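Just the one chain here, laid out as structure tokens, in the form predicted alone.
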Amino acid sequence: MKINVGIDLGTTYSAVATFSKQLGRVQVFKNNDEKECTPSVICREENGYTMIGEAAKIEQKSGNLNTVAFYKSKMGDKNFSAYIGGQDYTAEDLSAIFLTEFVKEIEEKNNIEIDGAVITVPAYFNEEQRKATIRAGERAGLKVLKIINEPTAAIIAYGLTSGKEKNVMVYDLGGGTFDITIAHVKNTEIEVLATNGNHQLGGMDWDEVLLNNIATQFSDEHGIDIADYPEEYKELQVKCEEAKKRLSAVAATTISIQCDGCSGKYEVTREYFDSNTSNLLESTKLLIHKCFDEITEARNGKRFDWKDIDEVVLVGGSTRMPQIKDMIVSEYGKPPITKDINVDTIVATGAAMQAELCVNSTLTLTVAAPAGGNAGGMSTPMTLTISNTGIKDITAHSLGMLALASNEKDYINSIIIPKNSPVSKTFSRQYTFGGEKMEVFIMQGETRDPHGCDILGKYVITGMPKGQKNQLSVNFLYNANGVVEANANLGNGTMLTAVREEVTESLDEIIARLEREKKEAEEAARRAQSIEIMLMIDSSGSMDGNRIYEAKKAAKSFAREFDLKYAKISILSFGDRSTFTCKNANSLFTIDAGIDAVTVGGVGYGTSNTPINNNYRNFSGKGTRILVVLTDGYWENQVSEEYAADNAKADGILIYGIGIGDADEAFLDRISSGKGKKVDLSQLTTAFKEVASSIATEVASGNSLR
């Protein structure tokens, strides 16, 4: 009969377990060595002969260069490869090879046939690492039911067996990865509150402290760098790992080394080991406090700390190091839970329970009676019914999209799904979009700076009605495997086509292309849209001399930014009076003549006129109407002109205020649709060009993501 299992695919050791309905508990399978845990080591010879587990570990210890270990932490890393058996392998390749051989061994040894599997991963694995794990399982012939976070699996295995309400911290230090997860357990329900981790921190980093120490002593004594001798170096790696394990039980141990005809034997004390790995231990403490801070933030500032933790559970073989327990006692004030917990198999146990829940939605677990017995003092075992819906996991990473910031210049990671959000919950963003194809670049990371995030891929959304601006919603979620899913729909509910594609450009190339396309869209919109512009130029006495000269030069440059097939420009001169020097012109000759006709004093030397109030109704049509005001001083009727500007804006007219000289900057801001511009005279032409670009952006705003 085929069964479903949980597989703890560990960095250093792996285990397989299944839930037995008949027994009401989990059974952990043994390998050919009669052990529940199998070293995650591969030996692959050039003829294709493959060994895993203890046999491969022995080859590794002997210095066989065709062995490889610690590849799990490199899952999803395109820059990693291991050369064994005359071939290069990625971490995904190696995981697939190991799983193939591992499953085969467990099936033959235990006379079973494995169908589906829940495979565990560190909670802090990103999407690509999770997808690589799924692919490795499928390549090994498994039906991957789910990917589950290792700490969540541990909480399922441990936290649900008591039927109590508590906050549980899982401190998971494996051979190559570290996770810290805090969850609230109530009866048979689990709600993960926060998770953090480092998938490049694990027991092998503690091993490396010993490795570097011994290699340095050997080099000082014999002048030989053992790193130059791959076989001897692999052998020393295994010896240092074994010494680390011995130091969990003794105060001192020795490590011997042979290389290039020389030998050495060196003592290492636990005191030295603990002192020189304290920085690694401190790294795990910082991640614990990061969890505390995130829970505090989610509780609106109500502080969460060690005092709120009811139990600490250690997971992973590396937690056997005494320094781990000592740190927990020092910080927490109490020892971690150790009774009835096998740190090596608890994750596989939880994964097996999750595998049963994937297939049957509920399981009935038989557990020992609580201390003192059941009601009436009886010690009959209890049964607990656990539901899949009672396990509420969270996202380990924020999900965002590459977007243009509000300043219209910078590209940011606009976070859509915050870290520690529930998995399988949909988060949406609404957009007004006027194009036919929308590219959405998915970012994973906590910072707004996209350079500090991973690009997961892009979704190309199509199917929008052509020739109009559409209201649409883009919907995202992390599924139960921690993998992103997305879809999109129009405001009326009509589903759009959303296809995920691989990203072949670098982030800088993407931003450069988006910026280029944005400018092209603005230019196309500027040329394709019919707009009417009224340019009001202050010609009071203070504009005399260089100011009116620069104003005319800037105005002529401004007019050349538009395709006059689709734009009409009026020039209005104002002072004590106001008059049009050209109206609704669509030729540069006429516009230039109108600009040249603006003369200081021609409409009086003061500022008593109200040009906005008198003229904003003089647009010929109801299309895109733009009012650009250039002034160099304080107006006599500013308050009434502010009210006139409000009326104009309410009528749909966009107003840009540009000031030079003694212009009132607050007044410019007040009359403008956005923020006014006050610039030096030398920057006037540039300011007008920026206004022209902004006009194009406004016209084309339906094609931009903000």
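Please read all numbers here as calculations on a predicted model, not as lab measurements. Numbering starts at 1 and runs along the sequence shown.
There is also a form predicted together with a small molecule; it is not shown, and the following applies to it.
Partner proximity in the predicted bound form, defined as non-hydrogen atoms within 4.5 angstroms of the small molecule, places exactly one of 536 to 544, 349 to 357, 280 to 288, 237 to 245 at the interface: 237 to 245. Within this chain, residue 450 is remote from the site of the small molecule in the predicted bound form, having no heavy atom within 4.5 Å. Looking at residue 122, you'd find every heavy atom of it more than 4.5 angstroms from the small molecule in the predicted bound form. At least one heavy atom of residue 316 is located within 4.5 Å of the small molecule in the predicted bound form. Contact between residue 174 and the small molecule in the predicted bound form is found at the 4.5 Å heavy atom cutoff. For the options 186, 320, 109, 392, the one in contact with the small molecule in the predicted bound form, meaning a heavy atom within 4.5 Å, is 320.
Contact with the small molecule in the predicted bound form, judged by any heavy atom within 4.5 Å, is made by just one of 137, 203, 400, 611: 203.
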